[in-house]
Ligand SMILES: NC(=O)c1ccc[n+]([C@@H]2O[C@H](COP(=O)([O-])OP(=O)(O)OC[C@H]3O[C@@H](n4cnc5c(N)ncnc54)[C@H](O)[C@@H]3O)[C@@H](O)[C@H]2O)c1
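Only one chain is included here, represented as structure tokens and corresponding to the form predicted alone.
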Amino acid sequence: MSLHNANLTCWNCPAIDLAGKVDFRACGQAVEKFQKSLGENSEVHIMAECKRRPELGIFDPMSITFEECPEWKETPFGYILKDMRVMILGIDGYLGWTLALWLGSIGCQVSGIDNYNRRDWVMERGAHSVIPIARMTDRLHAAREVLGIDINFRKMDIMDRSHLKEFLEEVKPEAIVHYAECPSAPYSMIDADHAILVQQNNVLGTLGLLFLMRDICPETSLLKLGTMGEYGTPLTGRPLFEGIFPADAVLHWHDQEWSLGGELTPRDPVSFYHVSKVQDTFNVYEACKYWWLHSYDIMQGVIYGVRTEQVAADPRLRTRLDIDEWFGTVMNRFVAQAVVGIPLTLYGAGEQLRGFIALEDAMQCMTRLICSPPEPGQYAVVNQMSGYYSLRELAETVTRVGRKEFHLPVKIQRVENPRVEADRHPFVPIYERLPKDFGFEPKVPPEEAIYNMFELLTQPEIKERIEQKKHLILPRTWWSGVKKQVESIEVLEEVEVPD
């Protein structure tokens, strides 16, 4: 069976060096429209050179496919450039470190930056990663010793454009994965200082990166992490399309009809953090339009889990796991609560619906996208999730696994909701592109990921780390600005969790 990206051509390849006589980047059109505007008999053509195969000279970039090119090798995730240079911004984080090891294991040359903000922000709350993580120097040594992976790391802030410029010029990355943003809605809602910090880091850091890519590596594909929270949960129940309205979307109003095809879909961010991600969306979209950059905006569901083959290879290679109210995401927090006997906390009715994806499946998605770069000027969006559930459904799944497999007396409770959101709402996410266009098939069902989490978090030394910080799980950060811990509404002691 042909791989999903076998028929992509040099037009998508980051090794392309566009050498045509026409500055088509300034025309603001897709290549098909540009060629059509020239006319069938035009003598002007888009031509290119290859940075990896200079012996080809100037050629038609659509004449060679990935399957035909010797620079692209076959992997389980599609064809990928040999020794592809991938730079990860935010490489020390939960996702960044996991992806670095994952990509290194399939032969990518991995580089990355981090300023350790995530470690500092968690310490600010008085918390720590409940899975102990090594210092970066020890992580890098372990990656080399255990997995044979050499990672080119620099301690650096994404806002430090002069040093980031030097690193980009040195590495000449062929893909950039952008994880270097504050990922916490509660952190952005603490007070003015925190809201401003989050927006400065996220919005201005990304905007500066876009200008550097324009000047240094415009052929590099950017994979920027968005969030399903950009869309909100519209009470109308309208579908949450993948960032852009499909071609057949139509608006009817006052007996008139308009096509919405190709336009950005509405956003309804649910915190100041999510507002920063929406601003990113527009900045990246405009940069692709102005400068013909290549970008995937990945509207990610909630990621959960602790395991990939690489992070499980040695304790020094483990990735972080947070459970505090600022950085502990819901599924990871539920399992930690179950381990130390705290009833799982549902906000309000607990019927909120969210998209979810296991850590290993998220890594697979990212790799498939890296293998299939967008065209020049293409801003593309994928909704990255493997399914969606109510928070109560997830709590019941955690309860079932905890009781049956680990003999823990897990309970569920309802607490006051510190957020401003509907407890019950429709949710119609569209997440078709990854399976249809990129060959993604989820491999890790929720029960398996939850079991793996219990297996690790019940180890005595890790359980002790959870005990030390369990008082930081219940939220004190309210969207209203009130400073108080949420109160329990009821403990659902008799909740049934069918097999």
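From 1 onward, residues are counted along the sequence shown. It should be emphasised that the depicted structure is a prediction, and the values quoted were computed from it without experimental measurement.
Heads up, the form predicted in complex with the named molecule isn't pictured, but that's what we're talking about next.
The named molecule is not drawn, but in the predicted bound form it has a heavy atom within 4.5 Å of N201. In the predicted bound form, the named molecule lies farther than 4.5 Å from every heavy atom of A175. Interface residue remark: Y94 is counted as part of the site for the named molecule in the predicted bound form, having a heavy atom within 4.5 Å. Taking the partner from elsewhere, D114 is found to have a heavy atom lying within 4.5 Å of the named molecule in the predicted bound form. Contact annotation: of the candidates I370, A180, C108, L293, the single residue with a non-hydrogen atom within 4.5 angstroms of the named molecule in the predicted bound form is A180. With the partner removed from view, the residue among R118, R307, R333, H194 that has a non-hydrogen atom within 4.5 Å of the named molecule in the predicted bound form turns out to be R118. The putative spot formed by G90, M156 and Q300 is fully lined by the named molecule in the predicted bound form; each residue has a non-hydrogen atom within 4.5 angstroms of it. Listed stretches are 310-318, 394-402, 156-164, 421-429; the contact stretch with the named molecule in the predicted bound form is 156-164, by a heavy atom cutoff of 4.5 Å. Residues of 224-238 placing a heavy atom within 4.5 Å of the named molecule in the predicted bound form, in sequence order: L225, G226, T227.
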